[in-house]
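Only one chain is included here, represented as structure tokens and corresponding to the form predicted alone.
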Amino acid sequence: MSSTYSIKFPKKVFSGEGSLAELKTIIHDTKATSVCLMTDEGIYGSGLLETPLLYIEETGLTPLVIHDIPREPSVYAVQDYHKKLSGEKVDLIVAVGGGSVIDMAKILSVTMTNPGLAEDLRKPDAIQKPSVPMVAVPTTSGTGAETTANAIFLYPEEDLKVGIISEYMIPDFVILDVSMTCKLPPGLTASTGVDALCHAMESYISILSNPFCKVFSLEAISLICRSIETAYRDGSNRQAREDMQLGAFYAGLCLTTSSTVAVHALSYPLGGKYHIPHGISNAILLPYVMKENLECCREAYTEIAPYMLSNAEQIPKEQWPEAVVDYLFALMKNLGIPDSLQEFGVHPEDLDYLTDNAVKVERLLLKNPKKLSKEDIKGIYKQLLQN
């Protein structure tokens, strides 16, 4: 456990069904005169943008609408959107969508106030000034992007995803309105939900874990594990959707005080070259990495078990760590998560490439409770290439 620790929050969080109406309050309180509303084509086509657009227009403003944020934003996309916003005098950004949309809004909010940053995003020290105020309205329950200080972008020529971190990128306002998640299809409900579970579990077992993190981790695990299968089977179940939304938010808070570990480290090469969606790659890896960590995490898994397992009281306590791992394997099967990488175009001959690139993600691997050797990492990938 880290000896010193801190936690950072968005400035204001609105939650509960109907909280989207607080957009009008935010516009009034920030004295915004020019609003940019950002989303992706899927959200735009679904009609989900109609209500936030209505609330903004009720304040007398006509927002600049950007509705084509890509699923895997590249650094070049950041530069293109930065050029679009330059000269528009936007003083409030509203991001409606999943992690990609919110990440794009976060980085644009700082490129607009920090000259030169858009041209070279690998210089986070260039972020010296506060961002344009930003509102995050998540439509998935997974990434936790609405709570964190980081954004992830692709460098296509390197097949590499890079994370950019700055406290100025923590959204100023967050609106958690369950009505914005009820149209999420089963596949995305599963993959984004497991991504949130990864955040909660990885931050709990990280060497940076601390009392702040553990409070939010355990509550996130409880909310997610009691509701994810219901939300997957019945997307209209409001209680399950609310649990997932709040669980994902809590899991995101964990990341501001702790860190993800080996699941995310091994996930990066899969997203960079093979373009496997982030939530899917994490979900595929989660049970295998947690099994690899088992002997180093018996105490942590024992603490997690009562929050994760509905039948924990029926299992001898000394068997709880194994039961946690077994639950994760069963959960992935119940949610239709693949247990093989080959269906995504990854083949056994790619094993060395994956291993070599995962080893490079030292900032996460060094926080894993077990020091994973190159052979350990190769062994995890190998299992997923033999299924």
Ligand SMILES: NC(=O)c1ccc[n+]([C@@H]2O[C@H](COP(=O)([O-])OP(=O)(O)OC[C@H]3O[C@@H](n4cnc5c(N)ncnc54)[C@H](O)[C@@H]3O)[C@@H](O)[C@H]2O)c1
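The shown structure was predicted, so the numbers you read here are calculated from the model rather than taken from an experiment. Quick note: we count residues from 1 along the sequence shown, nothing fancier.
What comes next is about the form predicted together with the ligand, which is not displayed.
When you look in the predicted complex, the only residue of 99, 269, 133, 287 with a non-hydrogen atom within 4.5 Å of the ligand is 99. None of 309, 152, 215, 75 but one reaches within 4.5 angstroms of the ligand in the predicted complex through a heavy atom, and that residue is 152. Note on the interface: of 220-228, 125-133, 85-93, 141-149, the segment with non-hydrogen atoms within 4.5 angstroms of the ligand in the predicted complex is 141-149. For residue 291, no non-hydrogen atom is located within 4.5 Å of the ligand in the predicted complex, even though that partner is not displayed. Contact between residue 71 and the ligand in the predicted complex is found at the 4.5 Å heavy atom cutoff. When contacts are judged by a 4.5 Å heavy atom cut-off, residue 195 counts as touching the ligand in the predicted complex.
In the predicted complex, the ligand sits beyond 4.5 Å of every heavy atom of residue 156. Of the residues in 162-199, those that come within 4.5 Å of the ligand in the predicted complex through at least one heavy atom are, in sequence order, 180, 181, 183, 184, 185, 188, 192, 195, 199.
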